[in-house]
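What follows is a single chain, given as C-alpha cells, in the form predicted on its own.
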C-alpha cells in the first residue's frame, strides 16, 4: 500500500550500522544505545536514544548520507511522500552553520528521485529563545525550497508549550506553517495552547481523547493529529498498544494520520505500524486510505501537489 508519512524524525531514524561505521563503535553497543527496551521509563529517557546519532550527524557528508539513507528506507516502505523533521541547531556542534546543515540534509534527500520529501525544522524545548529564533529564521530562508514548516520538539512535560507562545507568534507573522508536539507527555491543555498559537497540525495529540472540549475544538478547526502508536507505547504515553486511543479518536471523527515518529528508536516501519493497527484494532484498508487522504490534505505541500498525490493514492485503490 502506498503511504504518506507526516511525522518522522531524521535523528530518530538513523541506521545503527551507519552510526557504528561513522563513529567506529561496536554495533551491539550502538543498538543498545539507540533503541528502546521494554523498561524505558518515559519520554525523557526515550530522548536519550538520540544522543549517539546526533554525535554522528556533525559533518556535511554524514548528514547527506544519513538523509539519503532515510529517503531510501522510506521508499522501500512504500512511502511516496514524507515530511521529515529535525532540529538543525543540534548539528552545529563542530562548526557547521544552520544553512550548511539544512543544505546538506536537503542534498541527501533529493538524491533519491523515487520519493518526494520535504523538511520540517524543529525548535527545541529547553533551548534558549535566541537559538529557537535562529531556527525560525533559517526556516523562513529555506521555506518552499525544500523546507515546508516549523515544529517544537523535546521534553514536553518539563518545558510546557505555553512558554513558546512568543516564538510561534513570530512564525505566524512570517507566514511559516507549523505543527507542534503536544498532548504526548503532557495534558490536553498543551494541545489547546498549540491550537491557540495557530497550529494546523498536532504532533501526537492523544491526550485529547478524554477531553471533549479540546477534542471538539480539534474537529471544529479541522486540525489533524500526527499519531505515532508504537512510539506512544515506548514513551509510556499509553500503557499498552491495546489501550492506545487511535481507534477511539478516529471513530469520534478526529482527522487522524498514522506515523512512525522514530523508525530506529522504536524499531518500526510504517508498514509494520499498519499491520499492528490491523491486528489490534481491525482497521480496514478503507480506513487506512482515509488516514492517508487525511495526511495529504493536512500536509504542508502546495495544492497542486496535494491533488497529484491524492490521485496517486486513489489510482492504487482502483487497481486493487
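Worth saying up front: this structure is predicted, and the values here are computed from it rather than measured. Residue numbers count along the first chain shown, from 1.
Here the subject shifts to the form predicted together with a small molecule, a form of this protein not shown in this document.
Checking 286-294, 270-278, 39-47, 54-62 against the small molecule in the model of the complex, the stretch whose residues place heavy atoms within 4.5 Å of it is 39-47.
Taking a 4.5 Å heavy atom cutoff to the small molecule in the model of the complex, the contact residue among 226, 234, 184, 83 is 184. Among residues of the shown chain, residue 146 is not one whose heavy atoms approach the small molecule to within 4.5 Å in the model of the complex. Contact annotation for residue 101: none of its heavy atoms lies within 4.5 Å of the small molecule in the model of the complex.
Taking the partner from elsewhere, residue 177 is found to have every heavy atom lying beyond 4.5 Å of the small molecule in the model of the complex. The small molecule is not drawn, but in the model of the complex it has no heavy atom within 4.5 Å of residue 120.
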